[in-house]
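The chain below stands alone and is given in structure tokens; this is the form predicted on its own.
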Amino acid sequence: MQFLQILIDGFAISSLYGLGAIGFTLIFGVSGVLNLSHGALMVTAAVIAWAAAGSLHTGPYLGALAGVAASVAMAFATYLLVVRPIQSSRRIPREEKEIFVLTGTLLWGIMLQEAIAYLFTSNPKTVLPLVPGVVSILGVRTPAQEILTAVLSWAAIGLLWLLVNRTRRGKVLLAASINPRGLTLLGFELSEIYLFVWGLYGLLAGLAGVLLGAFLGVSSDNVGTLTASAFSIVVLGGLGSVSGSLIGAYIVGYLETITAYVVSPSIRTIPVLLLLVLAVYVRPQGLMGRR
């Protein structure tokens, strides 16, 4: 029975991790930015959804929309206030801009974390479930929200795949990730493409944050852990590889779930970190990375 419980819980959390990691990978692939405020965006979405549904009595659906909208707004703010000024600065040497962006997004994430703790306290918060109740799967009682989490995560991943592979805008994003200079020679504005991809990223991170808040609950203290998990997944899967991120998400999700059930929830992230260190030594480009 415990095996089946691990299988169900692991699938749900892995799907959720995959949704969050794909947004992280998308930003890196198109704009070359490792956004270290990723966890702060997810927590912002969850906390706003919790506050809207609880304090403003909007209900779970409008609350979730408010949370996702907040994440999109914070994604635009991250790009416009932190990333773009650094990338366009003439006072920062070109070879040093990447480390400045990393530092800037890290500090931005800390600022958001402190703002959330100040405005809403650092106590754990659980978003109202979109679907109440419990379902039975082969004798294992599972919250309906957990099943919905996996379904919505994969629905969002599927829609992203259709966008990237079946639309003109998606093909432009692919081209931007491969040869941005060539794209500008064809008359496309990279600034518009980057705004679009950051908005899309905010949407994915916000949805992941709201679902996580309804599944496990979040607090401002989770910002660093969520960023570290997303970073571990994309490094394990291969930077810039969407399929690698999905594989990495399921490895991390199931490894954490098994550790939590078999050993202790308090050390669920330790085996993942050990695996990441091993992977960096054995295959530094990741499972699906090319370099």
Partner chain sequence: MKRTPERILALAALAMSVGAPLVARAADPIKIGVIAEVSSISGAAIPQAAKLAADEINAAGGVNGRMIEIVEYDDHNSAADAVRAFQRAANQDKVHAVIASYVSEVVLALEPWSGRLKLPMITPGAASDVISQRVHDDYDHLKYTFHGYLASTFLADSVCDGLKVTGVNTLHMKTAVVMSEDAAWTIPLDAEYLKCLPKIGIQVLDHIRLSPDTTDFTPIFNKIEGLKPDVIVTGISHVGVQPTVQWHDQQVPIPMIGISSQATTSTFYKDTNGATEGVIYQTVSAPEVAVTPKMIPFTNAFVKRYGVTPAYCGYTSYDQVYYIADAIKRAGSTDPDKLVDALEKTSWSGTIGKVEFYGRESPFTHAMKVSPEYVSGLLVQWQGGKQMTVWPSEIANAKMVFPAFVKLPGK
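Computed from a predicted structure; not experimentally measured. Positions refer to the first chain, counted from 1.
What comes next is about the form predicted in complex with its partner chain, which does not appear here.
* Each of Q5, V127 and N222 near its partner chain in the model of the complex, meaning some heavy atom within 4.5 Å? -> Spot residues vs its partner chain: full contact, yes.
*Name the residue from L239, L34, A228, A260 that puts a heavy atom within 4.5 Å of its partner chain in the model of the complex.*
Filtering the options by heavy-atom distance leaves A260.
### Position in contact with its partner chain when the complex is considered in the model of the complex, options S89, N165, T184, S122, heavy atoms within 4.5 Å
In short, S122.
*Look up in the model of the complex whether V210 has a non-hydrogen atom within 4.5 angstroms of its partner chain, and give yes or no.*
No, no contact at 4.5 Å.
query = Taking 4.5 angstroms as the cut-off for heavy atoms, does A117 touch its partner chain in the model of the complex?
reply = The answer is yes: A117 has a heavy atom within 4.5 Å of its partner chain.
Determine whether any heavy atom of V134 comes within 4.5 Å of a heavy atom of its partner chain in the model of the complex, and answer yes or no. So V134 counts as contacting its partner chain.
### Task
Verify the contact flag for G170: yes if a non-hydrogen atom of it lies within 4.5 Å of a non-hydrogen atom of its partner chain in the model of the complex, no if not.
No, G170 stays farther than 4.5 Å from its partner chain in the model of the complex.
Location of its partner chain contact in the model of the complex, chosen stretch of 62 to 70, 46 to 54, 244 to 252, 23 to 31 [non-hydrogen atom, 4.5 Å] = Only one stretch qualifies here: 46 to 54.
So which residues in 236 to 272, when you check its partner chain in the model of the complex, have a heavy atom no farther than 4.5 Å from it?
In sequence order, A260, Y261, P265, S266, R268 come within 4.5 Å of the partner.
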